[in-house]
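Single chain ahead, by itself, as C-alpha cells, in the form predicted on its own.
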C-alpha cells in the first residue's frame, strides 16, 4: 500500500490528522514564535502564574535564528482526546532540559513530565517544566498545565521520508531495536496545545527569552541571600530565640530562621494559626526576632484543617479530595487566593513574618488527590497537581506585592511561569551528587534550587555539603528532624563558619547576578552547556565570572574543565591556566575559579546581610584578577521594596582603570562606600 493510499484509508476511518497538519506559526515577540493546535485549555502554565512577559526586555535582546525550515517542517493535530505536535530532529542533535533533573541534562528517550516527589522515575520531578533547548540553537516551550509525554527520537511515523531503511533482525548483526526517529513528538490528554519556539542561536539567549516570556526571574530581598537555619519541628519560642543567640555567640552568620510544622496549632492538615502552647505570645516573639536582626520563615502545606480560622471561608472553593484529610482549596480562583492572602497578611506578615516554606505541594501519589479529582474551576486533579505550588506562590506573591514588600520563600513543587515569585525549590532528597545535578539543571528551566544541608555520615561529608549549599541560590541548614547546627561536626565547625562568611562576602556579586536574572532573564546558576556547550553536571557558572566545582566526601582530587581563556584561583589569585586541570583542594576550601581580568565586588566578612544594609554606609571591596582587567558590574537598590520597578535602582560599571564606580542607569543612591581595591593577581 502506498503512503497516499494509506493516508486515504486512515482518513476514511476518521484519523486523518494522525500525520498532522502544518502549524500556523506567528511571531509574538522578538525571538518568539507561537502556534496553537486544536483548542488549548483556558488554564495554562502562564495563565496560572498570571505574570505578563517582559516585552521590552525581549525587544532589547533582538531577534535570533532558527535552523533552516524548522517551522515549515513541524506539524501537529488532535485525535481521540489527545493533542500532539511533531518537531524536526537531526541525528546529531542533542536535547537538554525538561525540568529539574537529578542524573543528567541530555534527553533522548520517552519523557513523561509529571509533578511528584523525586523517585526512581526521574520524570517525576519537583519542577516538570516543559521547556528544552537544542544543541542546534533553539528552544521549545509547551504552555500547557497538563502532564506531557515527549518522544525524543523515538516513534517512527509510517511513511515518513526520513525513516532509516528497515533491517532484518535474522540476518543483519547491526539490527537496531530502536531506530532513530527524526522528530520530537509531544502529546497530552487535551483538546489542544499552545507551543512556543524560541530562537537562539546562543543557548544562553534561548534561556533568557524563555525566562522573560515567563515574566523574568526573581529579585529577592537582600536579607534573604544571607544564611538560613531551620529549627527542630517542636521547638518553642524560647528555644528558637536561644538558638539565634547561640549563632551570635559562636560568631556564625544568620539572617533567616525557619519554623517547621510545630508552630501551627495543628498540622497535617494545617490550621495556619499559631500554637499558643509553644508560642504563647507570637507577636512578641516576632518583635524579639526583629531586635536580633533575624527574619522568620513559616512552614506550611496546602491541606487546610477543619480547625483553621480560614476553613469556613475557603470551603466553597474546596476540591473533591483531601491531603492528609485537609481540604484542598482551588487557588486558581481569585476569591480563594484572596481569603488565603488576607489571613496570612493580617496574622503573620503584618506582625513581621518575612516568608513561607510551601511543603508537600508535589506528591507522593499516596499523599495527594487522584487524577480524577475535581475542583470548582473545572480543573481535574492531574492538571491541578502540575500548578498547585504555582497557585500558592502566586497568592503569597500578591500579598507581599500589595505591601510593597519583597519576600523569598521555599516551595517543593513549581513550574514554568513562577520564575518571578521569589520561591526556591527544596526537597527531602539528600544524595549529594544528585542534588548538585539538580542545582546545575535549574539554569535550563528558570527555577531556583536549595540543596539544603541536614545531616551527614561524617565531618568530611558535612563540610562538602555545606560548600555546595552556600553557593546555591539559597544557603540553608534544615535541622527540622535532628536539630543539627552548623557547628554540629566540631572538627569542621570553623570551616563551616568561614564558608558561610564567604557566601556573605560575595553578596554584591550575587545580588548583581540576581538583578541580571530579573531584568535580562540570565540564570544565576548556569550549566556549562550555556557557557560553551559543555555537558558537565559537577561544576557550574555562578554569574558571569565565577566557576564553582564542588567536592564530594572521599574525593582527594578531581578533574575540572575550564572554559576558553585563562582562569585563576578565586582564593589565591594564582593562575591555573585553561582546559582540563586536576585540583586537590583542602577540606576547608570550596573550589572556586575566576576568569582572568575579572573585577569581583565583595563585602567585608559580616554576620548579617540585613543588619549590614541598615547602616548608613556599607564598605565594599573590589578584588581584581589581572592582568588586562575588565570593567565589572554592580547593581544596587533598597533591597526591601518593589520600588526598583519604578526606576529606583542603580547599575554601576566598576572601572579598574580609574578605580571608581560609573553609574550607567537608575537613580538609587547606593549605600556602598568608596571601595577598597585588592589586587589578587599579585598574590
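Residue numbers count along the first chain shown, from 1. Keep in mind that what you see is a predicted model, and the values were worked out from it rather than measured.
Quick note: we don't show the form predicted together with ligand GAL, though the next part is all about it.
Only one segment in the set 608 to 616, 196 to 204, 70 to 78, 426 to 434 has any non-hydrogen atom within 4.5 angstroms of ligand GAL in the predicted complex, and it is 426 to 434. Not one of 216, 422 and 642 is positioned with any heavy atom within 4.5 Å of ligand GAL in the predicted complex. Only one of the listed residues (552, 175, 268, 180) places a non-hydrogen atom within 4.5 angstroms of ligand GAL in the predicted complex, and that residue is 268. Residue-level contacts in the predicted complex: of 345, 545, 360, 330, one residue has a heavy atom within 4.5 Å of ligand GAL, and it is 360. Shown alone here, residue 299 lies within 4.5 Å of ligand GAL in the predicted complex, counting heavy atoms only. At a distance threshold of 4.5 angstroms between non-hydrogen atoms, residue 573 is out of contact with ligand GAL in the predicted complex. Though the partner is left out of this view, residue 561 does not reach within 4.5 Å of ligand GAL in the predicted complex, counting heavy atoms only.
Under a 4.5 angstroms non-hydrogen atom cutoff, ligand GAL in the predicted complex has residue 261 among its neighbouring residues. The single residue of 402 to 418 lying near ligand GAL in the predicted complex is 412, the criterion being any heavy atom within 4.5 Å.
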